[in-house]
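Here we start with a single chain on its own, the form predicted on its own, put down as C-alpha cells.
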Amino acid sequence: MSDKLRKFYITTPIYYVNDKPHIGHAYTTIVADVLARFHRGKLGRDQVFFLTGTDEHGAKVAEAATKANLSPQKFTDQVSARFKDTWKNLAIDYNHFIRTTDASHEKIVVEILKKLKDSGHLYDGDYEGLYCVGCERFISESELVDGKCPDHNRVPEKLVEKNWFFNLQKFLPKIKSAIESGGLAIYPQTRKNEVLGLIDKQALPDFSISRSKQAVPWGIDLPWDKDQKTYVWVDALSNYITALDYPKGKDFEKFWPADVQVLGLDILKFHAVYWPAMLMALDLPSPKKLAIHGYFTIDGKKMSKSLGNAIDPDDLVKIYGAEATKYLILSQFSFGQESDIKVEDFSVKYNADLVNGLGNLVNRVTNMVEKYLAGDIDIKNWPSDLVGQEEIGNLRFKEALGLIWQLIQKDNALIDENKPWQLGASESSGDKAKLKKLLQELIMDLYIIAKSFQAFMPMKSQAIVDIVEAKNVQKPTEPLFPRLNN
C-alpha cells in the first residue's frame, strides 16, 4: 500500500462553547463522519483517525459563563457535554473528542508556545485597535456597520494593550507557494482563489497570540509572561496536533499531516494562513487538504439566535432518526456552496426518498422473492461495484446520493415495466425463468444500493444487506423508514 493510502486523518474544527450545537456544526461533523466511515471501509478502522471537539477558552466563553451564573469550567463542562450528546444522537463515530481545557492539550500548547518563542517567531509589542468580544479579534473601521460589528451587532471596545505577536509576514510567500502548487489543497477552487487574493493584497498583518490577563482571564498562561493569556488561535488550532500527542506520540507519527480538515467559511483565513504558518514555524508539514463549506441561511434568512431560526440537530433526530437526518442534510445541497436550508423540504424528501423510494423498493422486492421464489434467490456471487464512491472521496456527497437514488428509481421503474406479478401468475416456464432473473437483478441492486449507502447510513445499510443475504429472503416485519406521524 502506498504512503498516500496508508492512513486517513480527518478533522472538524473544534466548536466554540458559548452556545449549543446547531445545524452548521452538525453539517461539518456529518461530512467528516461520512468521510471517516468511507475510508475505514477501504483502509480498516485502525488506519483512520477522526477528530472533533470543543474550543473552551477566551473572553466570549467567560462572558457567557458569567451570564449563566457559572464558573467558566462548569459552563464549558456543560456545553461540551451537550456537543457530545448531540454527536451521540447523530451516531457520529469519532475517534477522539478533544477539549482545549484538557490538561494534556494545555501542557502541549505551552510547549508549542515555548518552541515558537525560542525559534524567534514571536515578538512583543503594543496594539491599539477596535476589539470585538464576539469575534474574539481586533477589527478595522472599514468592517463596521453603523459603528458596530455586523456579525454581533455590538460596538467594539477601543483597546491599547501589550500583546505577543506571531511573525506571519515571514511565512506568506511559502504559504502562497504551497497553495498554488497544491501541496496545501483548498476545496472548492473559489476558496483557494479567495485565500490567494488575501495574500496578494497584503491584507494579512502579523497576528496576536496573547491578550492581557485583565482582558482575557480565562485561558492558558504564557509560560514566560504570567500577565498574558494565550490568544484563541494558537490554543485552538494546535488541537489538531495535541490530540495526536505531538511531538512524539505514536498517533502523531502515524497520522500527521491531516488528509482533510473540514471547516466553515468563517474560519477559512485562520486555517489556510495562520495554521500553515504555525506549522512551518514548528517545522511540520501542512494539512493535505482544507475542505470549506459555505454559509447557511434558513428559509432565506441568516441563521441567528435573535431570529430564533437556528435548527437544533437533536430536534431533527427526534423526528427522522439519526441516519435519515444525516441523509436529509447532505442531500439538500452540494458541499462547498453557500446554501439555503429549507426546513419544510426535510419531511417531503424523507417521504419521497426514504419511505416511498428506498423503503418501498425493499418491501416490494423482498415480498416478491418470498412469494414467488419461497425466499430462495440463489445468488452465489454478490456484486462488488458500488455507486457514488468516487464522488464521496471527492466531497461530492449530494452527487453521490443522487447516483444511488438513480438506481433506486431504475429498479422501481423496472418493476412497473416488467409486472412481475403477471409473470408470477403465469404457468409458462419461460415466464418463471424471466421472473427469477428479474428478481435476482433486483436483489443484487438492493445489495449495491445498501453497500453504496454504507458511509451515510451504516445501520440501515447493514439491515438491508442482512435481509437480501439471508438464506430465505423475507419482507421486513418493521418498516426501514417509518412514516411520519402528522
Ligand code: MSP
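Quick note: we count residues from 1 along the sequence shown, nothing fancier. None of the values given here were measured: they were computed from a predicted structure.
Omitted here: the form predicted together with the ligand. The next part is about that form.
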query	finding
Contact test in the predicted bound form: Ile14 vs the ligand, heavy atoms, 4.5 Å	yes
Partner proximity in the predicted bound form: Leu414 to the ligand, non-hydrogen atom cutoff 4.5 Å	no
Non-hydrogen atom contact Trp233 with the ligand in the predicted bound form at 4.5 angstroms	yes
Proximity of Pro476 to the ligand in the predicted bound form, heavy atoms at 4.5 Å	no
In the predicted bound form, segment of 38-46, 25-33, 442-450, 425-433 with a heavy atom within 4.5 Å of the ligand	25-33
Interface residue in the predicted bound form among Tyr320, Tyr327, Tyr240, Tyr274, criterion: non-hydrogen atom within 4.5 angstroms of the ligand	Tyr240
In the predicted bound form, the residue from Cys135, Val110, Leu116, Ile267 that sits within 4.5 Å of the ligand by heavy atoms	Ile267
